[in-house]
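Have a look below at one chain only, the form predicted alone, in structure tokens format.
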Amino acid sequence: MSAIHHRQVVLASGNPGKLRELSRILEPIGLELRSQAEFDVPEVEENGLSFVENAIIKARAAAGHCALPAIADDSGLEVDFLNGEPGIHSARYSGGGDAANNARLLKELGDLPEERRTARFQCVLVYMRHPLDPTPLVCQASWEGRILFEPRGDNGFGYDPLFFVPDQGCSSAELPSEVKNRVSHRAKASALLLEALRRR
């Protein structure tokens, strides 16, 4: 295997936005990130009970299929009043898309007062050198906020329109992309991963 081949890493996601974001972050250490869509990696069942387990499942599957190191991300929203739900089920909370997920969350919280609507986004990034890597790098970061009473803003996806960021004074979906890409859970976890890979 050539030295250049060693610098390629597969991203266990077909999401082009995620690929662009992580590619920019990893560029300084000379890693070329490639989407698992290029390699026709089959969908894997995310049957873990935590963000960490699901990220490892995805990274292991991609590394095994592509014979390359792999990076996987698992993330979601934890609402304190709902004992951490929707958590690992964030993307499929309602069985529908983003709008249905947001509608279900608002219904669950009802008229719960503002101070009890605390929540956070979580992101776990995992780097595996190969599918049997006994010590994968695991980087986790969170983003604190609270759930609004109605959606605000259209610059985002998922629960962004309902997630109020106190230190920014607006919802995540009202933040300019360059600000969100600096302060979000994924941005913080990515910075930790970059630092860990530099050390390794």
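We number the residues from 1 along the sequence you see. Superpose the two forms; the largest set of C-alphas matching within 1.5 Å is the rigid core. Everything numeric here is computed off the predicted structure, so don't read it as measured data.
A second form of this protein, the form predicted together with inosinic acid (IMP), is not displayed here; the remarks below concern that form.
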Inosinic acid (IMP): the contacting residue among 82, 100, 91, 106 in the predicted complex [heavy atom, 4.5 Å] | 91
Three residues, 159, 180 and 186; all within 4.5 Å of inosinic acid (IMP) in the predicted complex via heavy atoms?
-> yes
Does residue 133 reach inosinic acid (IMP) in the predicted complex if we count a contact as any heavy atom within 4.5 Å?
-> no
Heavy atoms within 4.5 Å of inosinic acid (IMP) in the predicted complex: does residue 46 have any?
-> yes
Should residue 127 be counted as a contact of inosinic acid (IMP) in the predicted complex, where contact means heavy atoms within 4.5 Å?
-> no
Where, among 23 to 31, 37 to 45, 150 to 158, 59 to 67, do residues come within 4.5 Å of inosinic acid (IMP) in the predicted complex by heavy atom distance?
-> 150 to 158
Those residues of 110 to 148 which, in the predicted complex, come within 4.5 Å of inosinic acid (IMP) by heavy atom | 121
Rigid core fitted, is the C-alpha displacement of residue 186 between this form and the one not shown 2 Å or more?
-> no
Large Cα move at residue 17 between this form and the one not shown, threshold 2 Å, rigid core = yes
